[in-house]
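The chain below stands alone and is given as C-alpha cells, in the form predicted alone.
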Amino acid sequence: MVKETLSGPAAAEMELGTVLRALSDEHRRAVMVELAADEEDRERTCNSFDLPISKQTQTHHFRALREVGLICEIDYGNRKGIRLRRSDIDVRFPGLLGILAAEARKPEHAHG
C-alpha cells in the first residue's frame, strides 16, 4: 500500500500567528484538543472526530491545520489518516499542547 505523508512547514518555519489563527476556529481547536489529549498519538481518520460539519468543510479544516504545521495527513488513496506533530510542536511552541489537553479535561458547562 503506497502512502504519502503531507505535513506542512518544517518545525523551525512554523509561525505562532498562523498557528493561533488556525486555533481560533472552534472546530479546528476541538480536533487539536482531542489530539493533544491522546498521549499515545494514535493515527486517526478524518471521520473519527465528532464534528457537526460537512465532509467538505472537515477537509478544509484538516488542510488548514496541516498547512500551519500542527498535523500531518497520511494519504492512503481511499482515506486519510491524521496525526499530531507533537514533537515539532513541543520544540517550537513549548506548553501549547498542554494547554490544549487541559481543555479536554474541563467540564462542558462550568457553573459558578
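Note that the structure is a prediction, hence the values are computed from the model and not measured. Just count from 1 along the sequence shown to find any residue number.
Another form exists, predicted together with the DNA; not displayed. Remarks below refer to it.
**Student:** With the partner left out of view, is residue 37 within 4.5 angstroms of the DNA in the predicted bound form by any non-hydrogen atom?
**Tutor:** The answer is no: residue 37 has no heavy atom within 4.5 Å of the DNA.
**Student:** Could you confirm whether residue 60 comes within 4.5 Å of the DNA in the predicted bound form, counting heavy atoms only?
**Tutor:** Output for residue 60 is yes: heavy atoms within 4.5 Å of the DNA.
**Student:** Answer for residue 25 alone: is it within 4.5 Å of the DNA in the predicted bound form, judged on heavy atom distances?
**Tutor:** Contact with the DNA, yes.
**Student:** Taking the DNA as it sits in the predicted bound form, is residue 85 near enough to touch it, meaning that at least one heavy atom pair lies within 4.5 angstroms?
**Tutor:** No, residue 85 stays farther than 4.5 Å from the DNA in the predicted bound form.
**Student:** At 4.5 angstroms, heavy atoms only, are 21, 47 and 77 all close to the DNA in the predicted bound form?
**Tutor:** Each of the three qualifies.
**Student:** Taking heavy atoms and a 4.5 Å limit, what residues of 31-56 are near the DNA in the predicted bound form?
**Tutor:** Read in sequence order, the residues that approach the DNA (within 4.5 Å, in the predicted bound form) are 46, 47, 53, 54, 55, 56.
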